[in-house]
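Listed next as structure tokens is one chain, alone, in the form predicted on its own.
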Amino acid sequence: MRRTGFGVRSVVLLIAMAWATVASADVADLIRTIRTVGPEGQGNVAAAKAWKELAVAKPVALPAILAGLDDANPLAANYLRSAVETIAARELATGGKLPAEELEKFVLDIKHDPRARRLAFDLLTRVDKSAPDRLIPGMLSDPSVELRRDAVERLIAQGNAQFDSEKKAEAKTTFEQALVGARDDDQVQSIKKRLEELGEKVDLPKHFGFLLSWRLVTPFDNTGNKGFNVVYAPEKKLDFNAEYEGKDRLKIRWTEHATDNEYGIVDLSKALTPFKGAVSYATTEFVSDNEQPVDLRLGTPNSWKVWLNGELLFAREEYHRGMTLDQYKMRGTLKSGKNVILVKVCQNEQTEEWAQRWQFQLRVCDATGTAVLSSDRRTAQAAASTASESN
């Protein structure tokens, strides 16, 4: 019986090893199958089958699976992340090891997807407790906003300790360094508070890349919410000398406006008039030294459309669902020289107090949230300063 039992266990072990070996050898094909999964069930059956095979691969396959996350669509990414987590959990639960050296190389390769690098970092820290102290301090400008956040958080803690120990000069230097890497608003506000306590002013609009100077025109008609889909004159041609017939036959013209709000908020009800059932247009120029891809990040509680150089980037017809920083993210390409940004902001006819906000904020940045500034920003800042002094 003992010989028979030994033989059965050996066969099971050999089958398991062969299965893992086959899965490991076919990792590239399995990843390709999973990456073909699409919306509405496209490729889902094949992807699910591939996941089952991939999930039993050896840990040596982890870097390849993590690399499969590069440019993967959300559905494929979910499958691949799940496979990585399943392999790692099984290996660690049975007392096995993860390929720490390969995982660290993956983490440090900034060409890979930021989410994949963060996942690799989390796995690495489970088998190498020294990894955070070795790696995180060098990630203050990392493309991964999560890894960057960890680096900033360490500097904030260091700066707070220096501040509490009355080492004000050292604290100031540390907080200034932290601000360079900070992209999340909560961290920026924490750093700003300390720096101001140390006598330093923080230019939030410049740090985030908010646009401050605009030309505005309103009201065009949005009675019954019809204006969202109406192509009014500013969408056809921008003519700042033109006079338009607006809502209720009002004669309306473009006006200049510069906001001094530290988050770049343009309050249309204050800058113009608190019209109900109205459409406003806002436009500004952005000068870029070269052609470059950017994010346009918008916050507004109103329905909206955004154009860059005449191309509609995105639109959303939804009213009074709140307003947050980076609420909507759009990808566009700045051309070298002058670029024109046009924003359409629609207010409906609700009369409740909570439905009176008619405002927006817009910033230009890269994919990590790092501000991209117009070459003529000093002029825009001067305009905002003048507007503030005149109020």
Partner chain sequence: MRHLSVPLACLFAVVGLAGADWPQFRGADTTGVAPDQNVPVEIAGSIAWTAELSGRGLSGPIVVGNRVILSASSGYAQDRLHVMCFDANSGAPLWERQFWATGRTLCHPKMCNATPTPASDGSRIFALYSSNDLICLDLDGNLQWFRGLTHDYRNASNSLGMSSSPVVIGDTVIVQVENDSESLALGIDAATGENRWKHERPVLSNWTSPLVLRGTSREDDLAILQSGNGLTALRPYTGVEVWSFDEPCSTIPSTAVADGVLYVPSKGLTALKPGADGAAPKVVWQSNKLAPITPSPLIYEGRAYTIGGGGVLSCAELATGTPAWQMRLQVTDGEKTSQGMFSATPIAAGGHVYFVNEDGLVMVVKAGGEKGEIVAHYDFGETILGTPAIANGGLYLRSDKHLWKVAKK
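Residue numbers count along the first chain shown, from 1. Predicted model, so just to flag it, every value in this text is computed and none were measured.
Not pictured, yet referred to below: the form predicted together with the partner chain.
When you look in the model of the complex, the only residue of D221, E91, E85, E170 with a non-hydrogen atom within 4.5 Å of the partner chain is E85.
Proximity to the partner chain in the model of the complex, defined as a heavy atom within 4.5 Å, holds among D186, E291, D133, E166 only for D186. Per the 4.5 Å heavy atom criterion, the partner chain in the model of the complex is contacted by stretch 143-151, the sole one of 143-151, 242-250, 172-180, 270-278.
Remark: none of the three candidate residues (S190, L195 and W307) comes within 4.5 Å of the partner chain in the model of the complex, counting heavy atoms only.
In the model of the complex, no heavy atom of K201 sits within 4.5 Å of the partner chain. Although the partner is absent here, Q327 sits close enough that one of its heavy atoms falls within 4.5 Å of the partner chain in the model of the complex. Heavy atoms of L124 never reach within 4.5 Å of the partner chain in the model of the complex, leaving it off the interface.
Residue contact with the partner chain in the model of the complex: A315 places a heavy atom within 4.5 Å of it.
Contact annotation for 105-122: residues with any non-hydrogen atom within 4.5 angstroms of the partner chain in the model of the complex are R115, A116, R118, L119, D122, listed in sequence order.
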